[in-house]
Structures are given as structure tokens and as C-alpha cells.
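Single chain ahead, written as C-alpha cells, the form predicted on its own.
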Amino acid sequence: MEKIQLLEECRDAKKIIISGHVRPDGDCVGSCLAMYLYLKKALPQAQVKVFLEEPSEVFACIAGYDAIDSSYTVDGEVDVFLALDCEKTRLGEAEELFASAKKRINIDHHVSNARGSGDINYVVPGCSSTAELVYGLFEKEYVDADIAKAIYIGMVHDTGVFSYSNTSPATLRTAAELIEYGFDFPAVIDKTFSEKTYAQNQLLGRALLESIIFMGGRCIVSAIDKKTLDFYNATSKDLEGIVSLLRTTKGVECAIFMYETGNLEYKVSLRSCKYVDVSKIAALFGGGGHVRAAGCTINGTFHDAVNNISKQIEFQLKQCEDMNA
């Protein structure tokens, strides 16, 4: 897809809003704050705001974190609305503002949003992260160490520190360029990706201990109920990374992790290694994501959810076996 001329699209705007998806992850927070810092620097005459649900405090090391507004209130008309790392229905409370903005720009890398949701779209599903896409739109004269750090954090989180299959040679070249700005990149990885609280490690331990292998060892599933979350005074932010560790189990092709969000309601995260396109499975249940990482919300019991998802996993694995027969 042809790159958009970001500054030209925003040049005459007086009021610019930047937002991303609900339950913002590292790529969402990193790309949104990088965009905020960049536009504040390149277009000082514009009023620029970032609207997000309150992110994890691990991202407080990113410049601009304190500028995040979770009120979703704005006076007057919005000239440009930039929706990053999602399609419009995942903007949560910001969706209404997106719909009413004079110009809507959508920048994303999710395969489930291939067409885009804006008047102007820059969606590249093969890219490692929205952060990498955003960086490619920046005029380098305005990029500094703070912006580079925000981009790097976004890329680190959506590539599993450059270990996932979405990591391309271009991704690594971009990462090398970013660390030349001089921020402490090992500390960034430790602080935002690796470091866990005691409660987070307790939850991880329970999830691993209570996991179940099935489908001949090709699938693994684990779930945490609301009672357990309440016991640890935990939120969804404390569960990040569990599904990725489940996926590393030897012999496993697909990992399923879910946690209870309400009566007979589960938030489901899916990861695969090589053969299963989990974005297709998530889409069947109203979710979306990437080929190897996706999510959705499912209503029903734990066993209902596992049965419904595993049928789709089994179907895809059977297709692969038939093709290779």
C-alpha cells in the first residue's frame, strides 16, 4: 500500500485526536504516544490529544504518558482523528468522536482490518507492528530519542522482542536505526516486557499449573476465573504474556488462554506456531487480530468455549494435513 503524506494530511488541522484500541497493549501505546510527540513537534500550532483507556503503568517510561486522556471529552470539532492499531469498532468510547471528525485516518497492521476504517487508510497486514508503520511515515528531522523509544517499545511488544514470525529484515533494520538515538534499549525491554509483579507471577504460575494439553498434544488451554482475579486484585493488564508462554510448550501448535469477564463470558487470547491462522478463528466469534496472534470474546461455559474453538483449530490442522498428504 502506498504511504500516506502524514504531515500534509494534518498540516491545516487545529485540533487533532489520536486514539487506539480498548485495553491498549505495547504497540498501541507506543505508536499513539510516538504519533503524539511527533505531531506536537512538527505541527506546534495544532492542539494534539491522545485518548486511550488507562494503560499499564509499565509504559509510564514513555514520554507523553502523562498526557493520555481517558475522559474522551473534547470541545468543538475535531479536524483530524488518527485511529492507530485497530479498526473503528475497537476504539471504544472514542468511536463516536472518530465518526464525527472532519478527516479520519486509520493506520493499522491487523489482517482483520485490511480495508481500513477511515477516509484515508494505511493498513499493511504484513508489517510487524503499527509502531513500525508509523515510524515509516515520520520525517526524520522531527524524530528524537523519546519518539524512537516509543516506537521501539511498540515494536518489541508486537514481535515478542523480535522472536515472532512477523519480524522481517526491515523490522530489524528499523530497530537498529532506532537504538542509534541513544535510549537505554535493554532497560526498556526489562521494564515494559520482562518485568512482572509478584501477583502477575502468581497468576502465571496458576495458569501454567492448571493448563490442559489436548488434541494429541497439539493444543494447550488454560483459564482464570473471576474469583481468582478478584483474590489477587488483578485486571486484564496482569495477564499479559501468559498465552505466549503457553505457546512455547513443546509440541504445541496452538495455545488458548481465557479469563472470565462476566457471567458465562470469557475474553480469549489465541496464539499459534506455524499452521493455524488464529485471526480466522477469532473473526468467527466477532474478534480479530493477526495470523499467529488474535483474540475474541465468547459467551458460554469454559467447556463450550474450548469445544467451539478447538473444532476450528482441528479443521485447519486437517486442511494442512490433507494438503501435505
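Numbering starts at 1 and follows the sequence shown. Worth saying up front: this structure is predicted, and the values here are computed from it rather than measured.
Not on display, but discussed next: the form predicted together with guanosine-5'-monophosphate (5GP).
The partner is not drawn, yet in the model of the complex one stretch among 52-60, 65-73, 35-43, 262-270 has residues with heavy atoms inside 4.5 Å of guanosine-5'-monophosphate (5GP): 262-270. Within 4.5 Å of any heavy atom of guanosine-5'-monophosphate (5GP) in the model of the complex lies no heavy atom of D238. At least one heavy atom of G287 is located within 4.5 Å of guanosine-5'-monophosphate (5GP) in the model of the complex. Interface membership of E253, defined by any non-hydrogen atom within 4.5 Å of guanosine-5'-monophosphate (5GP) in the model of the complex, is ruled out. Taking the partner from the other structure, guanosine-5'-monophosphate (5GP) in the model of the complex has a heavy atom within 4.5 Å of a heavy atom of G295. Note on contacts: among H110, K149, R104, R247, the single residue with a heavy atom within 4.5 Å of guanosine-5'-monophosphate (5GP) in the model of the complex is H110.
Residues from 62-91 that approach guanosine-5'-monophosphate (5GP) in the model of the complex with a non-hydrogen atom closer than or equal to 4.5 Å are E87, R90, in the order they occur in the chain.
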